[in-house]
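Quick setup: one chain, the form predicted on its own, written in structure tokens, and binding and motion questions come after.
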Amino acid sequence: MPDALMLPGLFGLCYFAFAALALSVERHWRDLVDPRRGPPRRTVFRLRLAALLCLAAALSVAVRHDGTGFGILLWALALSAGALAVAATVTWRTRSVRG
């Protein structure tokens, strides 16, 4: 992967992973997708599996690009940034949906 795309790709994978985990929570699903019912079990399983795969891919990208020591550190920082970005997005979207 070219150097210019590594960090945005790493952040994007972490962001998508935490977005999938957020949507697998019934409260967030009701706030963002369908206020009448929670997510089906099959959808929850698929969202959590997608999140696991995205996190594993992000770890793989970080370690391959920067080595084990710094790659894991970079991955942990990307996890924090992704989680913060998803928390801000869910908060903003919930407020804009409610009015």
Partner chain sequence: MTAKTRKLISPALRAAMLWPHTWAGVTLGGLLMLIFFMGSLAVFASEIDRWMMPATRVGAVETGPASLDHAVLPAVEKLAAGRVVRDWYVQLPDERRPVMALQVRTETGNAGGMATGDGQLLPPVGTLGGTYFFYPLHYSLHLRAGFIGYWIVCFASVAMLAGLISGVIIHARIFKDFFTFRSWGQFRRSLLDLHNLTGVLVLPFHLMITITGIVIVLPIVLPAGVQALYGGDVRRFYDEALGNYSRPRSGIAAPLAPLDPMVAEARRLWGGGEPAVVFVYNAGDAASVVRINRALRDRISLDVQPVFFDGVTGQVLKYQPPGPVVAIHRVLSGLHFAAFDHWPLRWLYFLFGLSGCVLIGTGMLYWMEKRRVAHGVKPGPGWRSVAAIACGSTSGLLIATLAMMASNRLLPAGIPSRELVEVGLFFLIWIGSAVHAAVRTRTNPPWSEQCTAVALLAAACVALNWITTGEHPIRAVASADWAVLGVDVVLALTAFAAWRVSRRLAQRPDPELSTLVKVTDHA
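Since we're looking at a predicted model, the values are computed, not measured. Residue numbers count along the first chain shown, from 1.
Keep in mind that the form predicted in complex with the partner chain is not shown, yet the notes after this line are about it.
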Checklist entry - Is every one of Phe11, Leu21 and Arg27 within 4.5 Å of the partner chain in the model of the complex, counting heavy atoms? => result yes
Checklist entry - Does at least one non-hydrogen atom of Leu74 fall within 4.5 angstroms of the partner chain in the model of the complex? => result yes
Checklist entry - Hey, in the model of the complex, is Leu5 touching the partner chain, heavy atoms inside 4.5 Å? => result no
Checklist entry - Any chance Gly69 has a heavy atom within 4.5 Å of the partner chain in the model of the complex? => result yes
Checklist entry - Counting only heavy atoms, which residues in 59-94 are within 4.5 Å of the partner chain in the model of the complex? => result Asp66, Gly69, Phe70, Leu73, Leu74, Leu77, Ala78, Ser80, Ala81, Ala83, Leu84, Val86, Ala87, Val90, Thr91, Thr94
